[in-house]
Each structure stands twice: as structure tokens, then as C-alpha cells.
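A single chain comes next, written as C-alpha cells; it is the form predicted on its own.
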């Protein structure tokens, strides 16, 4: 819950606005001091709409522990600034930015690492499933100081789990060292100061007889992890057969430890090879193994073979290490059209691959320590393979593409080559056709299609058939790659093919360099279109029989009435 409190009439109006604008927020009534006191122990964060001095005095008596206290953001009555007062690395900085977005204000973030563009160590790799071991928290300040001071910081990973970007002073080492960062699911000793991050790498498989006590199930799990030297913080989930989805002891044991419970059909578990199958279990639930098979059903390495208590069985497996590849859309060119999801993916990447002109657009969102592999136009397959190879090597990778990655972009070559050993996230964006349409008016208001006239990857006979089909079907057509220095006649032929099925007065829009300083927007008609005005960076939008120009804007009606 985010509690929002206003001290003045203007502050209360701001509080009411934020209560509707921020997910999970609610305006709190009463005197600010009383409202803060009542909400302090139950709120995740507080937004105080009042003078900063007043906000500091109101919260000062409640501050106890930065890891337990709610984050506090202050907003002035003029709605000019959103100041992260406390809990910057525990949600306060992100909340200040969200509040600023909701108010059109400026976020004020003063934590040292954020000011230097460095990652918050408390949440390093959180988007990749890493968790900072609470026992490491006393060392955060020392490791952060080393990073800020440009000192050598050692990064040791027991396996190639990705961490996200880290600055150049971080070096990979073969054994834990200080000051350092360690990524492991094992309970190993590390020198101080060193921060230990736990990957979500372990699956605990559980089987149980009907009525197995939660204490017995939980105790068996705890003992199995402890004896194997494995951290409970690295448990991704508890797994069992679907027939045990409501077994109270399993459900309660998982819930008490904050672990999700995942169930699998007996047939899926029966297909998993295990070292200790049981015909008795097979006869009972339809699979020769529950605990071991449930731990291994997603692949990986069995670390703890089946262990038994009176009424339960437990096994533990380590999931295969998976790299992460984000295929990121950068839009048509303007920074304002790069979506927030794309900015977040870029900020979380330690390796960025892309066409040089696209990479230059997004450098502002890359963090220190991010490596860039930019290349000239052509050889999309090589870029995709570079990105996938880096992800398989344990890196958090962003493969960038202009417009939308899924429309004549890098998503297809990447997904064709990425196996199930890489987690792939596709981040959508604004396509060239959509950007052009917005500048022209609303030409895509009814059925439409996009056709690339480049024959580098598609035989021209296929392209010709598609243009003919679009003409016969009366689709609005957006032509990508319409013309280049060595390929100039295809657009002329496409115009003639369309002219067989729609009048010469059909509106045509030409948009070059959409949302860039060199942007050009032209309205013409199918009969007067001069293809010499079109270049490789032009999107050509040809209307259908219903498309018309209204007040200088190209409009395709939504219906045929």
C-alpha cells in the first residue's frame, strides 16, 4: 500500500490525484502527523504532499531501520518536485520517478549510486531473479564506496548467472575476493566486504502421503537444503504432482517459506528419468517418482536425491543456467517514442547488440559497464547470433532494432535461432507504418497490410503476388523499403498494380525520417505519385477506395456504410 498524505488544501488535491494515478495508492485523511503514525508500520511507501522541512519533521521520530521503514517521497505544493527522502534503494527512487511522471514534475534522487549512474546494489539483478542475501547488507556501503571510488571490485559467479551491468572496475575472478560480489546458491564463506546474491536456481520436489503434517514436510525440506549446503534464498519454487495441489502439509510448508507451489500432471512426471523410481508410488499416483521427477521436470542437475520422512519425500535440483535476451524496439527515432519497457530493458543489459544508427539513439539509457557491439547495415543474422551467444554465456543482452522489433525487425532472426536455453523477452514499440500513419492522420482506420519491396530476403515474384492480392482485396498498404539506389522500379510497378483496382485520386502519404529532425510528410495521390521523391527511409502509405483527405489529413473510415 502507498499512503498519500496532504497537509494543505493544495497538498490534499495533489494527494487525491496521486491516489487515482498510482497503482496501490490511497489518500489518507487526518492530521499529517497522525496519518503518518497510523500508516508507518503497514504502508510499503508514503508520499507526503507538503514542504520538505515539514515532511522531515513528521517522519523523523519514526525512522528505525532503512531496510524495514517505508520509502518516503515528498512533493511540494507547486507540484514541481518529487523528492525521494528515504528508502531510495528500496523503492523510493522508483516511486519518486513514478510520482513525477504522474504530476509532470521533476524527480529528485540523491543516492550516490543513482547520481553516478551505478546500479542500486540492494536490487542488482533483481529483474534476472537475483536476491541480495540479507546477511550481506552490512557490506553494501563498503562495496558501493569501492564502486564509486573506481576501485577494483571482484565478481565471482559459481555459474554464469547474469547480473546486469556493472562498471568497468568490476572484474571476474575464479574465487571470491573482497571487495566483491558473489553469485551462488551455495552456503560458502566469502571474505568481507562481499555481497552475496542468490539466483532463483533451485527446485524442491515434494511428495507426501495424505495428511502429512506441514512441520514434517518443512523440516525435511530444510534439512535437505542445509545438509547439501544450499541457500533457501535460491529456491525458485516447490514442485509436486497435480494430485497433491491441495495437500495441506505441502501447501503450508511452501507458504511458510514464501515459495510458490507448482504442480505437474502425473504423465509429465512419469516421462522424467530419475535414479530412484518406485513401483509403489507409480501404482498410487501414476508416476514412479514425485519428488525427484518434480524437481527435474524442467531439466537440470539433481543435487539431493530422494529423502524420506515418515510421510513425505523431498528432492532438490538445480535448474539449468539460462541467459537472458531482450529484443528491444527503439521506435521510429524520437526519444519520446522509446517505450518505458524498452528503457528498462536497456538499463538492465550488460551487453547491447544492434545496428550502429539504432545503438546511437539509445546510449542515454545504458548503464556504466554495459558493453556495446554496434555494426553497419546488413548481416542481421550475425547480429542475432552474437546476441544469442552472449546470452548463453551468462550475460543480460539487449538486441535493439528500430521501429518495432517484430515488424521487419530483429525479433524473427533472433527467435529462429534462440533455443530453450535462453529466456527471450520481446519488447514492442512504435512501427514505421504506425508512426507514418500518425503524421498523415488516420489512414490505417480499416483493414490494412504492410509489404516490403526489398527483394534481398524475399523473391520479387512473391512480393508481386502480395501487392496484387492487396490491390484486389482493397487493403490500405504501407510499403516498407520502397526504393533504394540500386532498386528503383519496384515501387513504380506496385503503383501500377494498385491503380488497376483503385482510382487515380486515391490518397497516398509519403513520410521520410518520421519523428526525426529531418522529417518530411507529403500528401499526394496514386495518379500523381512521383517515385523519385521516395527513398529507402520513406514509408509509403496508399489508401483504399474509401480513403479520403479531410482538412489536410489522410483518413480511412472505419466502416463501409
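Quick caveat, the model's predicted, so the values are computed rather than measured. Residue numbers count along the first chain shown, from 1.
This next part talks about the form predicted in complex with a small molecule, which is not shown.
Although the partner is absent here, residue 511 sits close enough that one of its heavy atoms falls within 4.5 Å of the small molecule in the predicted bound form. Put simply, residue 480 is close to the small molecule in the predicted bound form: some heavy atom of it is within 4.5 Å. Proximity of residue 475 to the small molecule in the predicted bound form falls outside the 4.5 Å heavy atom cutoff.
None of the heavy atoms of residue 350 is located within 4.5 Å of the small molecule in the predicted bound form. Of the candidate stretches 296 to 304, 261 to 269, 101 to 109, 424 to 432, only 424 to 432 has residues whose heavy atoms lie within 4.5 Å of the small molecule in the predicted bound form. Between the small molecule and the residues 203, 147, 407, 440, the one pair within 4.5 Å by heavy atoms in the predicted bound form involves 407. Of the listed positions (165, 88, 323, 332), a single one reaches within 4.5 angstroms of the small molecule by any non-hydrogen atom in the predicted bound form, namely 332.
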